[in-house]
Each structure stands twice: as C-alpha cells, then as structure tokens.
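In structure tokens, the next block holds one chain alone, the form predicted alone.
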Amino acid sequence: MRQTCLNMVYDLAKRDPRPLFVGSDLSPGLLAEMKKEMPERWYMEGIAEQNLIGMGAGLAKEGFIPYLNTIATFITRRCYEQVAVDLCLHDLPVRLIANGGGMVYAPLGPTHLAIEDIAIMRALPNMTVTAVCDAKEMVRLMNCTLDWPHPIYIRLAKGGDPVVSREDLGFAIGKAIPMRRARSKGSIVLMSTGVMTTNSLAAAEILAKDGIDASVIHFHTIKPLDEATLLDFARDAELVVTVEEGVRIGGFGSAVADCMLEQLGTAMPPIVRLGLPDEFPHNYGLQEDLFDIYGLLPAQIAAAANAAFHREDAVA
C-alpha cells in the first residue's frame, strides 16, 4: 500500500503540474525516478517534521498540491500544532501521507504506534481523514486527491495487505462502501475502516457459519463521515459493531456512535465498539500479535459480535 501510494504521487505529477513530493528523513532512493525526472518537485527534508508541514503550507499557498510523507506518529503527534494552524486554519490542499498507521510498527513499541491518529486528526476543522483497505483502493483514493480542496490525512497500512476492495463498487471521498450485504437490513452490521475491513469481512464469514447474516460497511473516509449510508444500515440493525485499529476514545467508533445518537436518538440500535482501550500498548512483536492482544483478529471480532448479539445490553 505504501509503495502504491508513493508511486501514485509520481503518476499524478506526470499528469498535472501541481503535485510535488516532500519526504522527511526517508530512504534516499525513494521515488528515484521522480527525483531524476522532476528534481524541482521532489524534496527530502531532514528530521524536522514541523518544518515539513510549514514547507507544505507555503507550497500550497503558491498553487502546488504538496504530498508530505513521514511516519504516522511524527506527522500527527509531533506536528499537531503546525497541522492545525498552518494547514487546517487556512484550509490548504496539502496531503499528509502517514506511514504505519495503527499498530504497523509493533516491533518498535509505543512511541511508533499511531493509535490515536484518527481521533486527533478528525477533531481538526477542515481535515479529511482516510484509511483505505488495500493497495487497489489506494489508487482510487489518490486519483481523487488532485481536486479535493481540503487537507487530507492518508493513513497507510504496512503493505502486502490482501486485496478485498472492488472497482465495480465505485469510490468517492466521503462515501462509504457496503462490502457485504445481509439478506435483510436487520441482524448485525459491521462498520470498519482501513485494514480492519479485511478482518471484518472474514469475521462476517465466521458469523455466517453460526447462522448470523452480517453486513460489512467499509468507511475508507472517516471524515467527512457518510452519515446517509451509516444510517441506512444502522436504522434497522439489531446490533452495530464498529471495528478500528486505534483507540476507541474519539476514534471511528465514536464518530459512528455520535451520528447514531444525534440522528436516531432513543431509536438507535445497540452498538459495540471494538478497538484499543485507553492505554498505551506496551507489548512488542508483530502487528498480528497486537491484533490478538486487543481482540481484532477475525475470529475475535466474530466472537464479540456473536456474544453481544445474544445479550440484551449490547452497548459498550
């Protein structure tokens, strides 16, 4: 997914004079062909991420569309004030490409785990927040970024993720995609973002074996949230389960719950939010190891949904 995203920057730059790439302390061979062909549109900053944001803002003011790239925790936590004041306050079309969203950098520990990025980035006015599920969908997202007028946070997975998206289902920023439709709109609706959609689809197959027909709705865009599709499926659901690779506080599940509460009130269905608790992960290992610890593997998602479906107080 990461390489596909970066290759698309080069592809967009060949099509349009506005895109350019600015990296922060990344591999010197990154996008070598673009660097050779378009040296005036390829930049590599040092370990100065706040400066990266300021540089992107200045370039955007000059009419360019900067694609800024570094590690997710650095481009969010470290640069939060600059992102808020330099980009969002002025509503500039800068694209933040965040390597290692969620728990990709599990071997490096809590300093490199972007567990709160969705929560803090969606809190910023004018910021668009995206998390696609695979490399093919990344191509579709990147094609949409040329003419999107607002700043965009692009959360990257680790790469090599299974391709589950489908071109025939279409793609538009801010439009959720039903990936699996239950025979009726009742029963369980799994709502997910990023690579958790892959796990949710697998969980739905496990639920089917237990006689539970579940829908899976993929929100590649967390902000702006597709409230129309969300409500279309939630309104008649017996249970909504949100699944995200990040903290539950303020994240994707919170966005879904806020929407249902505001639009459906006391008629809203029970909701269970699966994600990380209010703590820093202190385990090291592989991303899958942390999925296992926090109940985000397909079998665990299915088990949590099944258990909630068969109890009366399914709010978590």
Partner chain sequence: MAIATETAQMLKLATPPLDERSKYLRKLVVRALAGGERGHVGSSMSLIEIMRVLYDDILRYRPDDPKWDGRDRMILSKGHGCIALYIMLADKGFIPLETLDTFCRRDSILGGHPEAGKVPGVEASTGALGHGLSIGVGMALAARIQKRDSKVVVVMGDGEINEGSVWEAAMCAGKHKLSNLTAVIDYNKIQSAGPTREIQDLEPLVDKWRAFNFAPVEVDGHDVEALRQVFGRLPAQQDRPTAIICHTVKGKGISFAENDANWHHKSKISQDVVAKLHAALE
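Residue numbers count along the first chain shown, from 1. Everything quoted here is computed from the prediction, not taken from an experiment.
The form predicted in complex with the partner chain is left out here; the points below concern that form.
**Q** Just one of 244-252, 39-47, 258-266, 281-289 has heavy atoms within 4.5 Å of the partner chain in the predicted complex; which?
**A** Comparing against the partner chain in the predicted complex, the contact stretch is 39-47.
**Q** Looking at 198, 128, 82, 145, which is the one with a non-hydrogen atom within 4.5 Å of the partner chain in the predicted complex?
**A** After the contact test, the surviving option is 82.
**Q** Do heavy atoms from each of 1, 6 and 27 fall within 4.5 Å of the partner chain in the predicted complex?
**A** Checking in the predicted complex: none of 1, 6 and 27 is within 4.5 Å of the partner chain.
**Q** Is residue 270 close enough to touch the partner chain in the predicted complex, meaning at least one heavy atom pair within 4.5 Å?
**A** Residue 270 lies outside the contact set for the partner chain.
**Q** For residue 134, is any heavy atom within 4.5 Å of the partner chain in the predicted complex, or not?
**A** No, no contact at 4.5 Å.
**Q** Could you confirm whether residue 235 comes within 4.5 Å of the partner chain in the predicted complex, counting heavy atoms only?
**A** Contact check for residue 235: no, nothing within 4.5 Å of the partner chain in the predicted complex.
**Q** So in the predicted complex, is the partner chain close enough to residue 12 to count as touching (4.5 Å, heavy atoms)?
**A** Result no; residue 12 lies far from the partner chain in the predicted complex.
**Q** What residues, if any, in 51-74 have a non-hydrogen atom within 4.5 angstroms of the partner chain in the predicted complex?
**A** Residues within 4.5 Å: 51, 54, 55, 57, 58, 59, 61, 62, 64.
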